[in-house]
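This document opens with one chain alone, in structure tokens, the form predicted on its own.
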Amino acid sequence: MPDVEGIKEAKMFHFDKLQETQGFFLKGSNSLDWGMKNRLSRIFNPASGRTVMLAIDHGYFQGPTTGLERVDINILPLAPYADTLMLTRGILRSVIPPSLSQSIVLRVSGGASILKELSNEEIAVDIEESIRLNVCAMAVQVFIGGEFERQSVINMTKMVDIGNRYGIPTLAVTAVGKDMARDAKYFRLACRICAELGAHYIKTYYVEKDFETVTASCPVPIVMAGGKKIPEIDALTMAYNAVQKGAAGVDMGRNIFQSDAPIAMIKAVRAVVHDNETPKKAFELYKSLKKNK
């Protein structure tokens, strides 16, 4: 039993100062539950409102692509410089140390390889796995305009419903088929559909023309997909343009782990995303770190 004798009378009520009710820093996320916001705050840096996600989930449909042959050797040295890792449960369990403090975004859709129709996906990971693995978000591919468009959209909405039940956000990843036009009109459509149906944030590609219309018309945060490997200065320029035009960060994979100096590259990307560094200065940082590695 607690000792009830000698208890001091409470008197520090601060009547002159009202309790502040803070708004949440992420676009379109203020009405989410505390657990959702807490998880999103581990993905997005509250100081900058942005994220540098390191995407290493390519193997779920591509196999051991260049740079991901040995995740333990090529990726673990990069992990401390990412805000979050986007990966599969197989890699998480077999390679990633549980002591890692970075947040985890778990790939939960799958079902087709590069040898088949990629849009033919299902939900491949149970919500209980996401809870067991303590992830901060679940990533679902959405193929707007693809052969299995409806199925992929329903996959996403199912994960949104289940994730809402347990406080885990859903990341919708807009996939673009080889025959689809990569333009702002398409991405406005794809991102808005995902947001309208409940995705908590969205990963999509950058386009030079009118990308700001994509971010402006999407009511939840957008992170830019890195896409295929391009020269470092071009990748840094793309990341800079994306965040300056409204993206809440980047989710890069090949443009980091396939770089000649991956650690230098991810540090340069962080400078662009979190510090608004210009591409030119970030590239100088990259070259300096590469030289001194």
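Numbering starts at 1 and follows the sequence shown. No experiment lies behind these values; they were computed from the predicted model shown.
The same protein also exists as the form predicted together with a small molecule; that form is not shown, yet it is the one meant from here on.
The unique member of 81, 148, 205, 186 whose heavy atoms fall within 4.5 Å of the small molecule in the predicted bound form: Here the answer is residue option 205.
Work out which of 252, 247, 43, 265 lies within 4.5 Å of the small molecule in the predicted bound form, going by heavy atoms. Only one option qualifies, and that one is 252.
Considering non-hydrogen atoms and a 4.5 Å limit, does the small molecule approach residue 170 in the predicted bound form? Residue 170: no contact with the small molecule in the predicted bound form.
Could you confirm whether residue 107 comes within 4.5 Å of the small molecule in the predicted bound form, counting heavy atoms only? Close contact exists here: in the predicted bound form, residue 107 approaches the small molecule to within 4.5 Å, heavy atoms only.
Check residue 50 for me: does it contact the small molecule in the predicted bound form (non-hydrogen atoms, 4.5 angstroms)? Answer no; every heavy atom of residue 50 is more than 4.5 Å from the small molecule in the predicted bound form.
Is residue 240 close to the small molecule in the predicted bound form, meaning a heavy atom pair under 4.5 Å apart or at it? Result no; residue 240 lies far from the small molecule in the predicted bound form.
All of 37, 103 and 135 within 4.5 Å of the small molecule in the predicted bound form, heavy atom check: No: no residue has a heavy atom within 4.5 Å of the partner.
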